[in-house]
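One chain follows as structure tokens, the form predicted alone.
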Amino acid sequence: MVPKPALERLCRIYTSLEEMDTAASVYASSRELEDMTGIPAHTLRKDISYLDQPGPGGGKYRVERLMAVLEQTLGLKRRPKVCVAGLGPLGQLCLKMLCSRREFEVVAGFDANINVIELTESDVDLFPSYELPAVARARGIELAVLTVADGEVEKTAARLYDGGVRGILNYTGVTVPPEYGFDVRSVSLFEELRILAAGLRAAEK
């Protein structure tokens, strides 16, 4: 079983490989991957060692083969079913971005405001929030992007749980209640900016 920190790094490696010109770059060394991802080469080699037959070894990998093994091991071509909960400006942007790629199957959007649902143009079916559990169960939704108002997080998390959703990408400023057992990744605008600002101050010293 691949440890979770290694999974995160392997996904980052895959994203970087996607951006390579595979016609021009048949092989990639661990040092080249380090430059692309920021992951130390020795950590990279250890993470890749969890994979089945990733390449010739010696810290050098055939790009197409490595991508294929990553896709198989991590299930990256499985197209999990995703919804967006909260259709304000950020939620609508997430919906459009997700629909622009085929890596995920975006099957629904939800909002508490009926007017928002009626006025939002989308190729994805949109529903009022109270229908979330039934729609999620019926459509087999596994993952949710959470962009609701902070005061709606707990109620929405309960609905996602009732609908059988297992993973949440949380763009709100509130922690998702841990008792539901979701696999959660939270993105905090303020925290990320704080880290950048701290890095600038450290560089000035």
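When you see a residue number, it is the position in the sequence shown, counting from 1. This structure is a prediction, so every number in the text was calculated from the model and none was measured.
Not on display, but discussed next: the form predicted together with a further copy of the same chain.
- At least one heavy atom of Thr37 is located within 4.5 Å of a further copy of the same chain in the model of the complex.
- Put simply, Thr15 is close to a further copy of the same chain in the model of the complex: some heavy atom of it is within 4.5 Å.
- a further copy of the same chain in the model of the complex is approached by Thr175, whose closest heavy atom lies within 4.5 angstroms of it.
- The shortest heavy atom separation between Glu142 and a further copy of the same chain in the model of the complex is within 4.5 Å.
- Screening 66-74, 155-163, 40-48, 132-140 for residues having heavy atoms within 4.5 Å of a further copy of the same chain in the model of the complex returns a single hit, 66-74.
- Residues of 94-127 lying near a further copy of the same chain in the model of the complex, listed in sequence order, are Cys94, Met97, Leu98, Arg101, Glu103, Phe104, the criterion being any heavy atom within 4.5 Å.
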